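Let's start with one chain on its own, the form predicted on its own, as structure tokens.
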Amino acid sequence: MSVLEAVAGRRSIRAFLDKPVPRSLLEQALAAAQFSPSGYNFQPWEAVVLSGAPMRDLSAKMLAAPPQEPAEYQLVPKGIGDRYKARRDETVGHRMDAIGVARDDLAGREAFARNNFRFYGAPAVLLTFIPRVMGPPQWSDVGMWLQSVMLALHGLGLGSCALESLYVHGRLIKDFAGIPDESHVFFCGMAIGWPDPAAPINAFPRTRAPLDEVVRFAGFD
């Protein structure tokens, strides 16, 4: 596929086939992602990849634990405004429609959200950490690295889903992975596996703002 096809075709996968992912494919994708843009070449991303028993153990620990206090970081900014809330609500609505949960069924939505801590049944999960010394520019670099990882996985026929929601168990995850809380922030997880093509949750409409809503051109004839 072309780069444009990869960018437009990648989507978050929340249902996976019961099929293991070879470590060699994960290493191939992660090695390619090492060439992601990085200001001053800091490469501020650090990660741990789990599968099998360690992955199941972490899932069980998160499902049994209450959310940490205080939170690892603030996931949703305060005062984000109606424009961003509308974008969020639209995609959440499509997602709930795909699994047959009414949009006002808060209990059903919460039950589905707990699948984040099961990694949506994926056979592998990537856990991403950022050194506390890093600031907003370096967090941006980590985001570009994560995009590179997801595109590389997509190019290899794999699917992925970024799991920022795991931030509610950031310290638990760091303790499990042997990452010092004093020096690192847990950023997000990423479920990785072979997409289930028959699952409706992998095919609901994806919506994005029209280009002229987010980009302005000047100086072109």
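Start at 1 and count along the sequence shown; that's the residue number. Being a predicted model, the structure only gives us computed values, none of them experimental.
Here the subject shifts to the form predicted together with a small molecule, a form of this protein not shown in this document.
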item: One stretch from 178 to 186, 48 to 56, 156 to 164, 64 to 72 that, in the predicted complex, holds residues within 4.5 Å of the small molecule by heavy atom; value: 156 to 164
item: The small molecule contact in the predicted complex: T91, any heavy atom under 4.5 Å; value: yes
item: Partner contact for N116 in the predicted complex: the small molecule, 4.5 angstroms, heavy atom; value: yes
item: Touches the small molecule in the predicted complex: F129 (any heavy atom, 4.5 Å); value: no
item: 4.5 Å heavy atom contact, R208 and the small molecule in the predicted complex; value: yes
